[in-house]
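First comes one chain, alone, set out as structure tokens in the form predicted alone.
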Amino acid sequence: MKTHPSIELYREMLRIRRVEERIAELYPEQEIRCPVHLCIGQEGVAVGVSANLKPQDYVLSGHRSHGHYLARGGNLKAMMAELWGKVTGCCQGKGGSMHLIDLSVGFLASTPIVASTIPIAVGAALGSVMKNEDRVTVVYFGEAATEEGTFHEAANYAVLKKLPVVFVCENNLYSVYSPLEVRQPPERSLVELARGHGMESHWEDGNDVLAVKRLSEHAIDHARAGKGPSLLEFSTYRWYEHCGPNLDNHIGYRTEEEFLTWKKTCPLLKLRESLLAEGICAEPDLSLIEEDLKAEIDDAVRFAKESPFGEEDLAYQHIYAT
């Protein structure tokens, strides 16, 4: 199998896509009893950003976190077991889809409350500075998080202290079923909003993984050099419903035409066509990647299904800090 940086980006995006598709396929069996927020269509942001991170760096996320966790190197078996509520899960089966963690790769947390991990990320970055560590913290969130006061407080403090944190906004246009026009004034620019806090801020096409990688490299290097935080806004689009394993265009909050227009900008399709056109790889190479990923995902699902549930007393552990 050929090795090339762009092939690795493709593989990581495809891995997230196939994992998410398997979750959607198995969800109707009702063995996964937690809500799932799938990121199918948005894989380019997580993979492009993670490509620039060093092992010591931190990542935090929100409710739509599977892609961020996997792109950072989070353990797939532990993630799947968590969805199944098994004791071998990354939160011992007590957290579910929206509470992922893998400290071995610096994935500190994902939590479902909108904007809640943003101040935690700023605190982690402050801690790194206080301990004189070479560490950048990345926090992912949707555009609705910028409507929360905690985002502005965190942004202000990060700029004030020149903290090594990168705010990554995945703008997929919707907060559940509410489009931007019913939530934010039309003249508002998130990039300008962040600049109003004195923060370096940029926009890019989130469905172009190579563009995401270039821009995030600049922001991460900027933070690591002690020059302070940045906000990166990436436009993207979720294909599936806000929460669950189905498509939902029929309920009326978005049109089939809009969905199909965005689907044509699929980050996987874009990179696949480029890899083949430039002769970086051939169809047999891509087929091998598919086969390898299927085997890995089959193994992770088997692990989750065969793992035990926790004992009853596990429910009473970790409720209070000691």
Partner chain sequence: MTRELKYFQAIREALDLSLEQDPSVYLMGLGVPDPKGIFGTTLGLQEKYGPERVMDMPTAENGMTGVALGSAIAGMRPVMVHQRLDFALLAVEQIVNQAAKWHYMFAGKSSVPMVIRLVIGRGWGQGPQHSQSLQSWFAHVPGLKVVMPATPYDAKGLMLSSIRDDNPVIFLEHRWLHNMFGAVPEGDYEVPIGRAHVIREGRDVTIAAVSHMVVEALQASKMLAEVGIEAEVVDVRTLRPLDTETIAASVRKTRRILVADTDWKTGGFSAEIVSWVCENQFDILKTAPRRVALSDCPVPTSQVLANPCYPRPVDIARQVCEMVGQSTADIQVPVESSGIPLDIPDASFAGPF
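Residue numbers count along the first chain shown, from 1. Every value quoted in this text rests on a predicted model; they were computed, and no experiment measured them.
The discussion below concerns the form predicted together with the partner chain, not included here.
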query: Single option in Leu173, Ile120, Val159, Leu190 placed near the partner chain in the model of the complex, where near means a heavy atom within 4.5 Å; finding: Ile120
query: One residue of Ile113, Leu247, Leu180, Ala225 in contact with the partner chain, assessed in the model of the complex (non-hydrogen atom, 4.5 angstroms); finding: Ile113
query: Heavy atom of each of Arg15, Ala24 and Lys294 within 4.5 Å of the partner chain in the model of the complex; finding: no
query: Gly95, heavy atom within 4.5 angstroms of the partner chain in the model of the complex; finding: yes
query: Close approach of His318 to the partner chain in the model of the complex, 4.5 Å, heavy atom; finding: yes
query: 4.5 angstroms heavy atom contact with the partner chain in the model of the complex for Leu76; finding: no
query: Heavy atom of His99 within 4.5 Å of the partner chain in the model of the complex; finding: yes
query: Stretch from 197 to 205, 126 to 134, 139 to 147, 237 to 245 whose residues place a heavy atom within 4.5 Å of the partner chain in the model of the complex; finding: 126 to 134
